[in-house]
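Shown next as structure tokens: one chain only, the form predicted alone.
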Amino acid sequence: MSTKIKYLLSISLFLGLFIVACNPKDDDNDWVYNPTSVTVSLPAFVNTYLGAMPIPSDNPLTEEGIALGRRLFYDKRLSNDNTMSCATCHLQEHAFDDPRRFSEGTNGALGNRNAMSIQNLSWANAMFWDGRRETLEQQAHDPVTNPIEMRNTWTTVESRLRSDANYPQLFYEAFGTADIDSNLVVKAIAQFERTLVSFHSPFDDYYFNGNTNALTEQQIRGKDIYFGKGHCNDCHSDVLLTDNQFRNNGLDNVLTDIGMGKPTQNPDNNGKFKVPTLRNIALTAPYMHDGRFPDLQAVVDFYSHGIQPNSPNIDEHVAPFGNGFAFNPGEKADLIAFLQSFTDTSFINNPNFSNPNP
């Protein structure tokens, strides 16, 4: 064998060993796949009213999956220029909502809808204001490639995560493979998001736990308006404070955003948007799908006298009341005070929901 051939063979062998060393297979390490099942702790009244938390059979909750999803939720490498994570537009102190009217993408572009709060979404039957996605896994997929938001490709994200010193092992421990792909990324994020539950507000203490001292006298008057004259409970109902339906509440006579009508291609859905939860509503301004109302006062003023009764497909719960519910100043103040009783301070301060890599 010539010296040249021996040299080429030795180089090939070296390169082969180098590639193997830099790309360890799952069975070339001592990682352990033995995920620990998790059941999210919920107050008794939640289980009574809603039953067990719905969890997809192909993405059960585990300690390892939740921890991985939490890390990914705060990882800015999901965006094209490493400046933006899920948490950039979903801040814990704002009940995982964005205090800006429109979120800003990595190139400074603005969307045309207000970000939605992430809480109690395991019970949601559709995602986004227009319901274009059915599951949390599908919802988590979109922002990464959205040309106005993170502006990235999943190929780039997967490459970044595979080259990280820790992620391959974390994915293996959560899912039994270090072959990281977009499907596993969104599964992990969805697991973390399903743990973001909020049921410990003064309202809960008063209404479900029977603590008559949990609300002020003004808030109790506001409660009577909420369940009575204001008909708020018609749509913002039950434990979730939303019926998870899509409705037109009479914002506009002329629609510049047709909402649910676009993904469904059904004119009967034009102007319909998802009914948002009122949990932690005092923390999630601005309001409505386009963030047009800066505060709760503006929202209550709208429902008092600003409803457009000729809006296309206006909801049956709103239409009978014409331009609104005609609240007097005292009723407005009482109702706003009651809405503030939906704030769950334990939710926005829970260390299990915060950035694990500050």
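From 1 onward, residues are counted along the sequence shown. Remember, predicted model here, so these are calculated numbers, not experimental data.
Another form, the form predicted in complex with a small molecule, is not on view; read the next lines as being about it.
Looking at residue 203, you'd find every heavy atom of it more than 4.5 angstroms from the small molecule in the predicted bound form. Taking non-hydrogen atoms only, residue 332 never approaches the small molecule to within 4.5 angstroms in the predicted bound form. Residue 287 belongs to the set of residues with a heavy atom inside 4.5 Å of the small molecule in the predicted bound form. Among heavy atoms of residue 64, none comes within 4.5 Å of the small molecule in the predicted bound form. Candidate site formed by 70, 95 and 161: none of these residues places a non-hydrogen atom within 4.5 angstroms of the small molecule in the predicted bound form.
Of the residues given (214, 258, 278, 220), 278 alone sits with a heavy atom within 4.5 Å of the small molecule in the predicted bound form.
Residue 128 is the only one of 123, 167, 128, 207 with a heavy atom lying within 4.5 Å of the small molecule in the predicted bound form.
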